[in-house]
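First comes one chain, alone, set out as structure tokens in the form predicted on its own.
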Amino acid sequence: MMRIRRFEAPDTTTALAMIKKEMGEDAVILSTRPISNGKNGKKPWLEVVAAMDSDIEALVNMVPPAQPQEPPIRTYTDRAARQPPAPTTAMPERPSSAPAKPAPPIKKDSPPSLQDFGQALPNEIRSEARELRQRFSRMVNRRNDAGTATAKPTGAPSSQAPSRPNPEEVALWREQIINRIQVTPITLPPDRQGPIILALVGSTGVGKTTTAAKLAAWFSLREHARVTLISMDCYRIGATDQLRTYARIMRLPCELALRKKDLNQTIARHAEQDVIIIDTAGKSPYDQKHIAELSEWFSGPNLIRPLLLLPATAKKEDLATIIAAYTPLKTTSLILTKLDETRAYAALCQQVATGDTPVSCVCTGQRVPEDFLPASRSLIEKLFMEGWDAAVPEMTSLFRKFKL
């Protein structure tokens, strides 16, 4: 049988001391709550409910010897009914070994049962004890149910385990996705009447300046075209100097355009060139003001072809954001950069395949002009279907073919 008692004390330390003195060190605290008490003014006291298992044998031994001439009486029931509650607790004081008032004896052949002791408690205490047992039973049942739900039978396959996809179906699906990618390398018109104007656009750090130098080296050294470099990047320190250094090494003209008027005048001065490459400033794709400014700069009489650079290291969501942000510029082709800095191309492949913009070039490193190739169907298929290691021989063959 469980004994439950309430204690009222001004603080926790005092309450614990009272519980230890009255019920022993094995008592368990069930609940604590503040109560108002007029003894100490405004400061509330604590009501602590404690419980412990009673020793039935000890309780039986505390009953006085039975006298056969008198009928059996439930001594503890009468005592609990007669004794008023203590001023500081709702439970009667713990019965002592020497009762203050002798109780009627009990027959030796009829000892008090456990039910008799349970009925000796007040109704409120019996109700709380019953509720406590129910709560404990529910808690144990919940734990058992959770363990049963998570446990898997040994040697038995799980009915909810996801089945592995068929490799043939995955290969077929990947092939269908890759076949949707359009590949259109940048070529010069045969007559070369007037320059083709290429503007490299993209987010910060995608490699626009290095790619501009690679494009200039490709057209000037491989196609023997007359090339001019124009820098619009006035935000990044050293961006213009970097492009001018590349131009000086390749002996190409390089100019700076900070306004739309300057850009149109620079294009007009180099109208006899075959290719004009514009390096724009890199900003966040969420900067709509920058996108609108580029759209305004490219809306002049000159036919400017924006090329969007996509890094292979970007996440799927970031690639989708970049493509959507630069849609107002009506980009004519894509340049895939940083292909050497990752081995996971699924996100890039998916975003390129779902769009209508073709791929024109690929960049495989930082070297100028070596790490640059015009896009080809065989290279795209090798890279996206079999990975970087399988595409290396294809790229090596193309490097040798297009060796400058």
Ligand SMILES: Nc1nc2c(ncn2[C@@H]2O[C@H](COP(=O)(O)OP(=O)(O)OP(=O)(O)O)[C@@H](O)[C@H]2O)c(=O)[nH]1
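Here the structure is a predicted model, which means the values were calculated and not measured. Start at 1 with the first residue shown and count on from there.
If you look for the form predicted together with the ligand, you will not find it shown, but the lines that follow are about it.
Enquirer: Going by heavy atom distances of 4.5 angstroms or less, which of 184, 321, 332, 242 would be at the interface with the ligand in the predicted complex?
Expert: That would be 242.
Enquirer: With the ligand left out of view, choose which of 205, 238, 328, 189 has a non-hydrogen atom within 4.5 angstroms of it in the predicted complex.
Expert: None of the others qualify; the residue that does is 205.
Enquirer: Have a look at 176-184, 223-231, 256-264, 205-213 and name the one stretch with heavy atoms inside 4.5 Å of the ligand in the predicted complex.
Expert: Looking at the partner contacts, the answer comes out as 205-213.
Enquirer: Does residue 365 reach the ligand in the predicted complex if we count a contact as any heavy atom within 4.5 Å?
Expert: Judged by the heavy-atom cut-off of 4.5 Å, residue 365 is in contact with the ligand in the predicted complex.
Enquirer: Find out whether any non-hydrogen atom of residue 340 is located within 4.5 angstroms of the ligand in the predicted complex, and reply yes or no.
Expert: Heavy-atom contact with the ligand at 4.5 Å: present for residue 340.
Enquirer: For residue 306, is any heavy atom within 4.5 Å of the ligand in the predicted complex, or not?
Expert: Residue 306: no contact with the ligand in the predicted complex.
Enquirer: Within a 4.5 Å heavy atom cut-off, is residue 282 in contact with the ligand in the predicted complex?
Expert: Yes, residue 282 sits close enough to the ligand in the predicted complex that at least one of its heavy atoms falls within 4.5 Å.
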